[in-house]
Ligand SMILES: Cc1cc2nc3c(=O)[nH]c(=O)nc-3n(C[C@H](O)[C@H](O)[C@H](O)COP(=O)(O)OP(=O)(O)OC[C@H]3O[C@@H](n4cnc5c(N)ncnc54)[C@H](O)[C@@H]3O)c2cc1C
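Next up is one chain by itself, shown in structure tokens, the form predicted on its own.
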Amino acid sequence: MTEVLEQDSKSAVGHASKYTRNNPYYSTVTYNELLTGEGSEKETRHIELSLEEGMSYTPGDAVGILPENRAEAVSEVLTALGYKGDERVLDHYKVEISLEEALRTRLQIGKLARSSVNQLFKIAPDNAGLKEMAGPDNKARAEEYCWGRELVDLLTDFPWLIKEPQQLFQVVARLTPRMYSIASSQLAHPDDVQTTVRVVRYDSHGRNRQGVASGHLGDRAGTGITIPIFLHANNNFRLPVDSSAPVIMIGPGTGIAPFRSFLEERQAKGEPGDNWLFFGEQREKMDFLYKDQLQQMHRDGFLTRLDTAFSRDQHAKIYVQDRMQERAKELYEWLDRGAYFYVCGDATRMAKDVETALLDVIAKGSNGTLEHAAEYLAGMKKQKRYQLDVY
């Protein structure tokens, strides 16, 4: 999923003082279609959202989406609690609403957090099962329990501990916005903001699950539906000020999103700098996101180089870092003439593997050691020529 870490809302762009996470703009979904083909193991969607005149963003920014929990999940929690949903509660701003609305729009009833286990234990300190998982000494056991579970599982395994609906606000975290990298340039699309979303669906502990925001966008945000959004700046992920500087972009999967924005922006401005994109996914036939647009940019000569890595199209898996190694000589030549290097996507493995490959590329290209490569990369970081948007 192209979901970036939430930043301080004061850094929002456009209508910064008008539209924020606490006062969002109600945008209309103007386009919501699958990017992945039939037979793909992934469900990746391209989504376009209307903007009010005056709202603005810069390539590298994110769009914040305030999701709702799906009706089935809300119903399951109400059943586990033994409530109807019309009970009255006060939300985080002391506004009186129904319990159903609270579960749908205010509370994080999806992925179970260890904090919920600890908070429920404070309500029921005599419960032996909760005691085994509560507190810092039992962190590992609590995390093992929470893995793959949601609030309904906790309420089902430890029933009748919530004595009144308002206690849920003590036990359950607030439902927060999800941040998605913007996949468009406003110069090319002045009236909307676009993003790329992988819909997360899985089975766990006997229940069908889905990502809160991605499920909302995948199942309940069709064309014409209105959803609350806001724009969010990411000043640490920016195109070079020098329009002639080369850029190298590593964007496997939905990590392609900000680089589509970068490319559209540079193309709209007629910037002369060379552009090199590395894109990776599972299968070319089903998973080549924005294939037609990227290949046309490449044919036109605007996208100087386009290297792809489709891991499941051959027996030995190939990833973007492998393509980097294969192109080591040319990559170092680009870096040596001042190229900016960008990475977007998974922080856990991909970004680390890409950095390791980059260090190797630098060492080989400069006929130096890995220690020298580390110094070279540190210099790039200091010059803001190495930028990450990872999650």
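If you're wondering where the values come from, they're calculated on a predicted model, not measured in any experiment. A residue's number is simply how far along the shown sequence it sits, counting from 1.
Just so you know, the form predicted together with the named molecule exists too; it's not on screen, but the next bit is about it.
Check all three, M179, R198 and Y202, heavy atom within 4.5 Å of the named molecule in the model of the complex: The answer is yes: all three residues contact the partner (heavy atom, 4.5 Å cut-off).
Which one, P190, G129, G82, G148, lies within 4.5 Å of the named molecule in the model of the complex by heavy atoms? Of the candidates P190, G129, G82, G148, G148 is the one lying within 4.5 Å of the named molecule in the model of the complex.
The unique member of P240, G273, P165, G215 whose heavy atoms fall within 4.5 Å of the named molecule in the model of the complex: Selected residue: G215.
Taking heavy atoms only, is P228 within 4.5 angstroms of the named molecule in the model of the complex? Close contact is absent here: in the model of the complex, P228 is far from the named molecule, nothing within 4.5 Å, heavy atoms only.
Please run the contact check for K111 against the named molecule in the model of the complex: heavy atoms, 4.5 angstroms, yes or no? Yes, contact at 4.5 Å.
Is there a non-hydrogen atom of Y391 within 4.5 angstroms of a non-hydrogen atom of the named molecule in the model of the complex? Within the cut-off, so yes.
Would G211 show up as a contact with the named molecule in the model of the complex if we use heavy atoms at 4.5 Å? G211: yes, in contact with the named molecule in the model of the complex.
If we take heavy atoms and a 4.5 Å cut-off, which stretch out of 250 to 258, 264 to 272, 117 to 125, 74 to 82 is in contact with the named molecule in the model of the complex? The contacting stretch is 250 to 258.
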